[in-house]
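Just the one chain here, the form predicted on its own, laid out as structure tokens.
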């Protein structure tokens, strides 16, 4: 595709960053061929921009054509009735691995897929989010190269993690094929990278898993403001956080505390308001808890995604069943509409 030749300052700085739309995904940083950008809670220009235009053409918030990306991925645009994007199958799934089930967020599907594909040699690593050892509950990008790495990163962190930095690390280390797991904005960035295409990333990427996402949260606000100051909970005492209509915190001593979701939304990242995508509509496989207890709502969208999930199913690593709950389907559609409608007029 033709590349718009425009500087970082005139494109992303002026239009995206200064307007509070930057997600901090890191796509511009990892794609800059001249190393003009660095990452510090978002892109920072550190040397003279060479005006190649690549940063603007990979950004999920700058002049994005979703229909063009749909053509690239699916060979067609979504139909009007496809409210949550193009898909092949919608099902609920759960891991059969007790070790994964003990540490996963919902049904352990993402962890099970990554471990299975690693053990089969389909991938040699995964770009995912993990735990920041210095800041409890803070997400950080991780290049997972072993089963132990993947399981250690199981679960959801509700603060933003620029997983494209982990993808770059895998490319730099030449580890081979990788899976990428990320939020809808990050999946969009990956697809824009493929659309250019940036060969080193295209060749390294085997498949993508997208996470359902209403919003992510600012670490200082969520952890220091809500948990510590308002709820009196030390972050190191938290075993798990989940959102099931409420913001639910499970403490290591067995206590479970909850607050209305609107109290947590006070600390949501403002850039999430511009996102039209709830269910990672451009991913190969999309997953989310969506009110389920111990199961994962799973959507296969591409041939690659469906083939991988069927392979994991056939090995007996996960158990699946068709989505027969109409209320759950209605919720998925409602959440998709809500996100799309809320974003109108807020993107560039």
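Owing to the predicted nature of the structure, the values given are computational and were not obtained by experimental measurement. Numbering follows the first chain given and starts at 1.
This next part talks about the form predicted together with a small molecule, which is not shown.
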| task | Pick the stretch from 168 to 176, 82 to 90, 223 to 231, 149 to 157 whose residues have a heavy atom within 4.5 Å of the small molecule in the model of the complex. | result | 149 to 157
| Pick from 198, 204, 213, 274: which has a non-hydrogen atom within 4.5 Å of the small molecule in the model of the complex? | 213
| query | Of the residues 57, 31, 296, 302, which one places a heavy atom within 4.5 Å of the small molecule in the model of the complex? | reply | 296
| message | in the model of the complex, is there a heavy atom of the small molecule that lies within 4.5 Å of any heavy atom of residue 116, even though the partner is absent here? | response | no
| task | Please check if residue 139 has a heavy atom lying within 4.5 Å of any heavy atom of the small molecule in the model of the complex. | result | yes
| said: Can you work out whether residue 53 and the small molecule are in contact in the model of the complex, taking contact to mean some heavy atom pair no more than 4.5 Å apart? | reply: no
| message | Within 4.5 Å, heavy atoms only: does residue 104 come near the small molecule in the model of the complex? | response | yes
